[in-house]
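Here we start with a single chain on its own, the form predicted on its own, put down as C-alpha cells.
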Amino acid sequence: MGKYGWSLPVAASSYAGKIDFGIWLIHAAMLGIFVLWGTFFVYLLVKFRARPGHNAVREDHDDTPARISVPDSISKFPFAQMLYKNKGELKSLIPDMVIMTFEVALIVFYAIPVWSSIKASVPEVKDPIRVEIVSEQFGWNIHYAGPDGKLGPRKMELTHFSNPIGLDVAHADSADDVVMGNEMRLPVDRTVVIDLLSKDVIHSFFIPEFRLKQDAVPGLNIPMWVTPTKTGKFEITCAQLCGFAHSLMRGDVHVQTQEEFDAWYKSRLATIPASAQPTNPAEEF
C-alpha cells in the first residue's frame, strides 16, 4: 500500500489542509447522522417489539387533510390551511430540514469560498515558478521557463518525437527553456503557476499529496497553482482512463529545497547548448 494507507495521503501543499478539513467534516457529520438514526431505529425495534400483553393496534387514517377542520383565524388563507392540515407530516420533515440546512451552509460558507480561493484565481505572488504542462497520450511534458522568465512559443506543426510540445526553438524566448517528460521539480514553499494543456484527449492531472487535480482539455489553457510545503517525491498520475497505455502517465514530482532546485535547474540548462538545439523537426520528418 506504500504511502497510501486507509486515511488521506500526507498533506503537502498550502491548501491541502482546507480540503482535508471539508472531507473530515462531511464524514463526521455522516457518522453522527448514522449513529442518531441507528439509535432511533433500535429504540423503535425494542419499544414496539412483539411481546405478551402487547398487541398491534391498527391506526385509523380517516383524519385525512381534507377532513381536518381548520381554525377560523386561518380559514381565509389557503397556504396556512394547507400547513395546518399537514402539520403532522411536516413535523416528520424536521430532521431532513436540519440536514439540508447543514449541507447548504457547508456549501455556501465553506465549500464555495475554499473552491474559489483554489480554482477561481491565481494568487499574486512575487517571482513565482512558471511551468506549462502539455499532456498527451501517454505522458506529461513539463515545460519550464528559462532564466528570462518567459515560456517560449509553441507551434503544432513543429511537434515531433524529439520536440513533443512543438517548441519554437528559433524564438529567442525558447532558447533557455527546459522540457522534462513525466518528471517535475519544484522548490518547497514557493508558489508555482501552471498552464495545463492537452495535445489530444482529455487527461486529468493529479497529485494526491497536493490535493491538486484538474482536467486537461484539448484546446483549453487551464491555469492552476500550488505551493508545496513538504520536501519529498510524490506521484503524478492521470485520473482519467485515457487509453490502453494510461498507466504510462505515472510520473514524479520532486519537491526540493531552493538550493537543490537551483542546482538541478542549472544542470538542465547546461545540457542545452545552442548547437544542440533541434532544428525544425517538421522538415526532418
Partner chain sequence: MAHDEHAHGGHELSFMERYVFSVDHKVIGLQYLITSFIFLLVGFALMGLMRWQLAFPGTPIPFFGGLFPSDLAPNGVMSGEFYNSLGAMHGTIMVFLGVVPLAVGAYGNYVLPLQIGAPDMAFPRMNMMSYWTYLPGGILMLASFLMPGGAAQSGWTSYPPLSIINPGQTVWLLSMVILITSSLLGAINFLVTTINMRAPGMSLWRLPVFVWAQFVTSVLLLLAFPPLEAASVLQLMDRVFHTSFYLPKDLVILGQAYAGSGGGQPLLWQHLFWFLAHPEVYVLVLPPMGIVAEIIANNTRKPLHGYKTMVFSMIAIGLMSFMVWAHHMFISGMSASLSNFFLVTTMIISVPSVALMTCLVFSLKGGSIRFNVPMLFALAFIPLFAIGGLTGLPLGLTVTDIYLHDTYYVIGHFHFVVVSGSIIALMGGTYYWFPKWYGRKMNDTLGRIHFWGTTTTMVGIFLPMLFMGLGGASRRLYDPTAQLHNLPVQGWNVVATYSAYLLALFQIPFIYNFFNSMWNGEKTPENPWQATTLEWACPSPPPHGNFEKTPTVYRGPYEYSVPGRKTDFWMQTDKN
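Residue numbers count along the first chain shown, from 1. Note that this is a predicted model, so its numbers are computed, not measured. So that the term is clear: the rigid core is the largest set of C-alpha atoms that superpose within 1.5 Å between two forms.
Omitted from view is the form predicted together with its partner chain, to which the following refers.
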Going by a heavy atom distance of 4.5 Å, is Arg211 a contact of its partner chain in the predicted complex?
yes
Report yes if any heavy atom of Ser92 sits within 4.5 Å of a heavy atom of its partner chain in the predicted complex; otherwise report no.
yes
Quick check on Ile23: any heavy atom within 4.5 Å of its partner chain in the predicted complex?
yes
Phe206 near its partner chain in the predicted complex, any heavy atom under 4.5 Å?
yes
Picking from Lys119, Lys150, Arg190, His171, the single residue whose non-hydrogen atoms come within 4.5 angstroms of its partner chain in the predicted complex is Lys119
Out of Val125, Ala175, Val201, Met180, which one falls within 4.5 Å of its partner chain in the predicted complex, going by heavy atoms?
Val201
Out of 103-121, which residues reach within 4.5 Å of its partner chain in the predicted complex, heavy atoms considered?
Glu103, Leu106, Ile107, Tyr110, Ala111, Ile112, Val114, Trp115, Ile118, Lys119, Ala120
Please check if Ala50 moves between the shown form and the other one, taking a CA shift of 2 Å or more relative to the superposed core as movement.
yes
